[in-house]
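Below, in structure tokens: the form predicted on its own, a single chain.
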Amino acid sequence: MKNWSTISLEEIKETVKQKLLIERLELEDVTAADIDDDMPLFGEGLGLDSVEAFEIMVGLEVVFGVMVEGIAADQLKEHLYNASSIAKFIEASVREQAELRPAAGSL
């Protein structure tokens, strides 16, 4: 799995659009350029529904190794609001995971 803790926020954002949204949700006729960073993903924006929200949560673990277990529904809703908020959530999660891992050779 890719080490996401060393990747820029912009790269994470582009991966969210391409791998997590377009490919995972099989969005036809949508390109990464069509998805504005701040466009709401649900309802009026991209028009995703609750089934697709679940698929995004599964994809967070599969693509980025980020799990959403234990996160309150309100917080999760904020994290999944748009491509930018998802990318920031991933960045914070992978950096936190990297800090918790023991440094090589410290054991």
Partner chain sequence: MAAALDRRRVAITGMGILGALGDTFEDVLSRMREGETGIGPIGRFPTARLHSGIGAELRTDKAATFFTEAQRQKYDLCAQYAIMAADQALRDSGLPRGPAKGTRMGAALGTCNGGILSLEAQWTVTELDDERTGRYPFYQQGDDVADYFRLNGPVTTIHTACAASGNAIGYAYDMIRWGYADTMLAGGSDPLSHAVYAGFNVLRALNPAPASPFASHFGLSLGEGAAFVVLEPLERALERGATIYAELCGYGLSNDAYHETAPDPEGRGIGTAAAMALRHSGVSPSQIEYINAHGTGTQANDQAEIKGLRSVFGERLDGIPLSSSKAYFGHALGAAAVIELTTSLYAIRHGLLPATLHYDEPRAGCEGLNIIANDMAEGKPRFIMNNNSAFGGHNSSIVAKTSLADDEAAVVSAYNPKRRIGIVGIGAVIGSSVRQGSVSDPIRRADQDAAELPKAGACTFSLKAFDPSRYERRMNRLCQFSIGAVRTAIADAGWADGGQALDGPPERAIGFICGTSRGSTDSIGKFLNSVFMNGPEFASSIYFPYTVINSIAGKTAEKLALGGFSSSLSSGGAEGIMAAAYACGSIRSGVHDRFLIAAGEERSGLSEQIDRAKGLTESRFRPLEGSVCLALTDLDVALQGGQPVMAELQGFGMAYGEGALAAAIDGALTEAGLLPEQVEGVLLDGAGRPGEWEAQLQIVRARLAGPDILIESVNERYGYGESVGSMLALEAAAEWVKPGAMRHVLAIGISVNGNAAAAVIGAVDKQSDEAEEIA
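Because the structure is predicted, anything quoted here is derived from the model rather than measured. Residue numbers count along the first chain shown, from 1.
Same protein, other form: the form predicted in complex with the partner chain, not shown, and the subject of what follows.
Within 4.5 Å of any heavy atom of the partner chain in the predicted bound form lies no heavy atom of Lys17. Among heavy atoms of Asp49, some come within 4.5 Å of the partner chain in the predicted bound form. At the 4.5 Å threshold, heavy atoms of Asp34 stay clear of the partner chain in the predicted bound form, well away from it. When contacts are judged by a 4.5 Å heavy atom cut-off, Glu28 counts as touching the partner chain in the predicted bound form. Contact with the partner chain in the predicted bound form, defined as a heavy atom within 4.5 Å, is made by none of Glu11, Glu78 and Lys88. For the stretch 52-89, the set of residues having any non-hydrogen atom within 4.5 angstroms of the partner chain in the predicted bound form comprises Glu52, Phe54, Glu55, Met57, Val58, Glu61, Val62, Val68, Glu69, in sequence order.
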